[in-house]
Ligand SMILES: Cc1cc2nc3c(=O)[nH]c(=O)nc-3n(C[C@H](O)[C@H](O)[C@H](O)COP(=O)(O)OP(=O)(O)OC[C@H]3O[C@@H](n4cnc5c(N)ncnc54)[C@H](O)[C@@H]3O)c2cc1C
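Below sits a lone chain in structure tokens, taken as the form predicted alone.
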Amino acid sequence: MTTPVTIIGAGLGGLVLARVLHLHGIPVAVYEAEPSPMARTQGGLLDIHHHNGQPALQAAGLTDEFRSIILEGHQAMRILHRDGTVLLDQADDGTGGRPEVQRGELRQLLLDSLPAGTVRWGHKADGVRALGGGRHEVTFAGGRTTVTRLLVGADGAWSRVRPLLSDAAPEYSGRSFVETYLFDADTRHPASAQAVGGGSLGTFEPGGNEKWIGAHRESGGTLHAYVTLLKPQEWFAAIDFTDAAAATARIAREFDGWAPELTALITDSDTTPVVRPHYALPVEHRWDRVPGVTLVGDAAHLSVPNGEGANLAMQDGAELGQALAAHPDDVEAALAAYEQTMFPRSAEAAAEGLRHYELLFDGTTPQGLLDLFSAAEQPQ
């Protein structure tokens, strides 16, 4: 295949695709809005699953490099009552079924695997238009343009490429989380560090469906917390998040009566809290085949946070790259084969992820989540 592939977005899905294409000798260019790889932090921990994320990295020829960045022991999981009582304390089983890595380190690993110049930084796509015959023109901020015969939207929730294929737009789920960080936690925040343990934490109000606190232990003793609330976006907009102390105090008031080591994950934040609204596309989101263009990752199947987003994006990238390599003389056959597999897979994952997400808020919390973990531990 000699048709160059143009990828919009240098997230994990786009980079896995670029790497697989590179391994197969297919020319590729990735256009990314951020000015550099270090322009912003790249999120927290990711658990990379044995059935999708890990095979994607294997297809990219990066299994050994991936294993070198795994945080050992971080598969541990704790569930606490809001008063701090431990309801579940599950150690890392050592199987490697869902090892944890830092998202930023994984992204850098992928970037380092590509030839210099593959990623064109500082190219924010402002619009895309069809030119006919499978050709498309992408316009970037500042007026620069590029024309491509094979365009892949890997540009996330608010994809500029998606409108070529679908009228669907992400809708607010009704919940958002507020993101905080506590640094050097074992020394500076020992009570919270003990509550979180060696891996992940979930803590709930029994029978409630409006709030919970989750946290990960990241490298360097950092606690990364996700404080989730059932609130309209207007409620969050009324809080001045540039005033970190006032904002964290306001959020913490929603958790009056919770154990202090848990509310400290809010009030003791060493960073300005950031609101992350939960958006989703329709579970069955799909489109008719349009020549010369397709989507991967959140651009194709954005879901509420469920632990699958990054894994599915990488799986998309790997499978699309393999399909293009398998059909070197028929791009449309490759895109059709990829989409026919991706549509049902992503719909199933979104539906299952939504069920798990709703376990956190269905009025039986945390019992439903405890039952899920118990079932997972049973021999198959």
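All residue numbers refer to positions in the sequence shown, first residue = 1. On a predicted model such as this, the values are computed, not experimentally measured, just so you know.
The same protein also has a form predicted in complex with this ligand, omitted here; what follows describes it.
Put simply, residue 307 is close to this ligand in the predicted bound form: some heavy atom of it is within 4.5 Å.
At a distance threshold of 4.5 angstroms between non-hydrogen atoms, residue 32 is in contact with this ligand in the predicted bound form. Proximity of residue 255 to this ligand in the predicted bound form: non-hydrogen atoms within 4.5 Å are absent; the residue sits far from the partner. Taking the partner from elsewhere, residue 188 is found to have every heavy atom lying beyond 4.5 Å of this ligand in the predicted bound form.
A heavy atom within 4.5 Å of this ligand in the predicted bound form is found for exactly one of 47, 352, 65, 339: 47. The listed set 286, 149, 107, 250 contains one residue whose heavy atoms approach this ligand in the predicted bound form to within 4.5 Å, identified as 107.
The candidate spot formed by 135, 317 and 343 lies out of contact with this ligand in the predicted bound form, as no residue has a heavy atom within 4.5 Å of it. Partner proximity in the predicted bound form, defined as non-hydrogen atoms within 4.5 angstroms of this ligand, places exactly one of 99 to 107, 230 to 238, 164 to 172, 84 to 92 at the interface: 99 to 107. Residues of 104 to 135 lying near this ligand in the predicted bound form, listed in sequence order, are 107, 123, 124, 125, the criterion being any heavy atom within 4.5 Å.
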